[in-house]
Each structure stands twice: as C-alpha cells, then as structure tokens.
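Consider the single chain below, provided in structure tokens and representing the form predicted alone.
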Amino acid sequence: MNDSIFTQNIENWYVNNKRDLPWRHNPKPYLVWLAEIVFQQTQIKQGMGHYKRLVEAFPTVEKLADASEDDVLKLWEGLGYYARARNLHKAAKLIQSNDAFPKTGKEWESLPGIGPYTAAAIASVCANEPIACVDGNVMRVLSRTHAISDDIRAGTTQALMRKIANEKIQFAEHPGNFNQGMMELGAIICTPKKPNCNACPVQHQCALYNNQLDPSLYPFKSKAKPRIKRHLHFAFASNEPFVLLRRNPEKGIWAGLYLLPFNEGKESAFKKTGSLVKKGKHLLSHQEIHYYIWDIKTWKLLPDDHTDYKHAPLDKPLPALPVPLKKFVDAFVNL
C-alpha cells in the first residue's frame, strides 16, 4: 500500500465530505478540546445538545474554570461518564492558572482526563502536529484496509494500529484533516454494519475490498468481561415537597452526583415502610445496576439518620442526579 496516496485520499475526501459540526467552523483549542471530551464514548447526535449548552454557559475557558463543579455537573447531566466533566473542570482551572492552552500533544496529556488519543486529536487539529489518534472508528478502518484479524482488545493490536496510523500521518499536508478524516470515515462510511464501500475514498487500497472478504468479520473483538451486578434501593417520599439528597464521594460510580437515601443489597431497608414504585436496569461500562425506588410517603419513616442530607425543594431545579433518578423525579414533578 502506498501510504502517501492513502493519506492524500483521506484528506481530500474529508475536506469535501466532512459533517457540518460547530467546532469545525472555528477550530480554536477551547472548542476542539470541549468537543473531544463531550464526544468521548458519546455519539454526535446524543451529545450535541450538551455541547451547545456547555459552550453557551461557558463560552471561554475562564468561565468554565470559575464555575462551580455542581454547575458543570448539572449541565453534563444525562451524558454519563461524569469523570469527564470533573476532569474538564479541573483542567480548565489549570489552563487558567497557566494563562495559556497547551500546544503539543505531550502538553495536552499533562492535563486531567486527557490521554494520548485526545491529546493527538487536539494537537493535530489546532497545531498541525503529525501524531495519529486511534479510536474505535480508526481501528475499524485500519483492520479492514489492512486485513488485520487480531483482537482489537489486545494491547499489541492497538499498538500495531497506532504504528500504522502514525506512519501514514507523516505524509499528511494537514494532520488534523487526516485524523478527522479517518474518524469520519469510520463513523459514516466504514460503519460496523453494512459499510458503504462504494463511497469509500480508499476502496482500491482496501485489502478486504480487493480480496472480497467479509467486512462483518473485521475487526475481531473478543467478548468483554461480564459486568458486575449491583442492587441499589432508593427512598422517595411522595407526600413531601422536597427530596433528601446527599453528594456522592468523588470516587466510584456517579462520583460527585447527588443521590436519594439508599442501601445496597438484595433486600431493601425501605421494604417495611414503603412500597416499590419503580425498578429498572442501568448499564455502565463495567457494572450492571439494578435499581429500585421505594415510596415511603414521608421522610419521617426513613429508617436511618438523615441529618447529613440536603433538603432540595421539588419546585426548584435540583442538582445533578444519575439518569435513573433524574427520570423518576422529573416524571413525578410533571404529574
């Protein structure tokens, strides 16, 4: 394969076919960095509303740095992976204290929440640094164009993908366009199912296409480890005009968010005094949360001491809650 031609084809295709996304109009470091954090593990259509609200609320890194963590988490509410929001806030404070944005990938990597992939994406787009960023979309493109059948969960396979991508980006006229082109190609053409090979700019350099191999077999990804199952029981008091909330610790699931009084286990401490009004399942990357919400009518029936809980009126905006609790409380308020 001619790496120079491959890279040129990707760049040319991207310039003519890129999606119209707000941070591409004016690729300043702040807007590109914010986009990279918001859209980690989040599809464009799912996160665009959050991105726009964050930019509106915090149009500059200084505004973000000066905001409270609770305000940042509230705007992030519903996106999940809340560590991203907390690290975004911490990084903004560091950028503000340095009075300048990082320029190189290594400098970006020194900030909280920024790994090699995100650093490469920002530095290549904003500073034309020729370092490749390799995400799931890029690995899918490379596994097909190069007929790589190794498990993409394996560190050795990921290292190989980075090596190949970094060799190609050295031929890029605009490294940021190559990186974004590879990601864009995986997102809209070289999709997991039914890839549109006829529209692919590197069709004739693709090992799968040229050898008529089945793209559904590439990339190979071994099964993930089973999620840990947990059972969380929450108390709610439907006769009260307020809810009791306590801020979760800074580590673990839903770190920094606010939770209703709860206990964990197969049995609920609220079973004797309340009735089960909601149950469901919420999937996290490594955990399967089975949640139950018990209506105890009044907080006086709460079995444990609750003096360390915050009284939050239901007729006013609540602080950031995990998705299952937010949906339940919103539905109750809107009855």
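Start at 1 with the first residue shown and count on from there. In this text the structure is predicted, and so the values were computed from the model without any measurement. Superpose the two forms; the largest set of C-alphas matching within 1.5 Å is the rigid core.
Just so you know, the form predicted together with the DNA exists too; it's not on screen, but the next bit is about it.
- Against the DNA in the model of the complex, the set 65, 106 and 166 makes no contact: no member has a heavy atom within 4.5 Å.
- Using a 4.5 angstroms threshold between heavy atoms, residue 251 counts as touching the DNA in the model of the complex.
- Within this chain, residue 283 lines the site of the DNA in the model of the complex, having a heavy atom no more than 4.5 Å away.
- Contact check for residue 247: no non-hydrogen atom falls within 4.5 Å of the DNA in the model of the complex.
- Proximity of residue 270 to the DNA in the model of the complex falls outside the 4.5 Å heavy atom cutoff.
- Figure note: of the listed segments 272 to 280, 51 to 59, 306 to 314, 286 to 294, the one touching the DNA in the model of the complex, with heavy atoms no more than 4.5 Å away, is 286 to 294.
- Only one of 172, 232, 126, 111 lies close to the DNA in the model of the complex, with a heavy atom inside 4.5 Å, and it is 111.
- For the residues 215, 78, 201, 130, the 4.5 Å heavy atom test against the DNA in the model of the complex is passed only by 78.
- Contacts between 33 to 49 and the DNA, taken as any heavy atom within 4.5 Å in the model of the complex, involve 36, 39, 40, 41, 42, 43, 44, 45, 46.
- Once the rigid core is overlaid between this form and the one not shown, residue 248 counts among the residues whose Cα shifts by 2 Å or more.
- Core-superposed comparison between this form and the one not shown: the CA of residue 286 exceeds or equals a 2 Å shift.
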